[in-house]
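Before any questions on how it binds or moves, here is one chain, the form predicted alone, in structure tokens.
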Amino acid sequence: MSILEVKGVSKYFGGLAAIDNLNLTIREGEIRGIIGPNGAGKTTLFNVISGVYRPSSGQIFYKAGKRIDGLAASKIAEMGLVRTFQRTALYPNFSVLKNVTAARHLHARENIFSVFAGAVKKIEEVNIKKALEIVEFMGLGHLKNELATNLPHGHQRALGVAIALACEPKVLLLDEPLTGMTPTEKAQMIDLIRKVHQQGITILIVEHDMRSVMELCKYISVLDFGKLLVEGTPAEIQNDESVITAYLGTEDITSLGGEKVAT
């Protein structure tokens, strides 16, 4: 069953198509890889899905066919479709726990009636409790009081995912979560992504580290110049000539996480 559908979506900037009549169907419960060369439109796609940009044309449907293109990003996040960014958005002078607690306020639902009912303190207690659970889940419990600015890069990226989880996503869009990581940090993040997925969260991941994408994802969509080039399993993608040409202009596919194709 699909949880997200992108139908005929285009996004133009100054007459140039960053996304061009794109169609994607994401099944509930999968980890879908979105790959492509630089400038293929991957991050623009995430921006359009999450409401950062409005599509120039086309439609986007989320859960039970509800149309979400044109909605505010905050509304889309409230509905359970949440994204991370290439550059982790943290409050650098907040602690790890306070960063995640701040994100929880999206679901706090404070209003004038709760103030009069004396419920705000209770809501805050619940937010802190749930934030602490997320911090522990992401393996950051020992750093809960550390300022975000003092964290190593890998832990900052993990905190970015924790902040997204605080918004209670049903679909999580991860934009290059492994960027700048050491091999050890990458292995740890891959394990964390798997843990998140096991919680029943559908995941879309844009990532340039092809070996990690091939390891994480059972199905991959390849973009090129804003168009859907091909979709398939990792094995199919590694051996697809159009993908090889789009990335390298050669039959050497080692950068795609596979073995070199015999010539």
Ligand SMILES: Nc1ncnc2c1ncn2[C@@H]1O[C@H](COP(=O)(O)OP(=O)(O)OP(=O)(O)O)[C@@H](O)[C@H]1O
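Computed from a predicted model, the values in this text were never measured in an experiment. From 1 onward, residues are counted along the sequence shown.
Although it is not shown, the form predicted together with this ligand is what the next lines describe.
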### Message
At 4.5 Å between heavy atoms, only one of the stretches 65-73, 40-48, 214-222, 25-33 reaches this ligand in the predicted bound form; which one is it?
### Response
40-48
## Note on the structure
in the predicted bound form, the residue from 146, 124, 168, 176 with a non-hydrogen atom within 4.5 Å of this ligand is 176
### Query
this ligand in the predicted bound form: within 4.5 Å of a heavy atom of each of 83, 85 and 229?
no
### Message
Taking any heavy atom pair closer than or equal to 4.5 Å as contact, tell me whether residue 61 reaches this ligand in the predicted bound form.
### Response
no
#### Entry: Proximity of residue 208 to this ligand in the predicted bound form, heavy atoms at 4.5 Å
yes
### Query
Quick one: does residue 9 come within 4.5 Å of this ligand in the predicted bound form, counting heavy atoms only?
no
### Query
So in the predicted bound form, does residue 18 come within 4.5 Å of this ligand, heavy atom to heavy atom?
yes
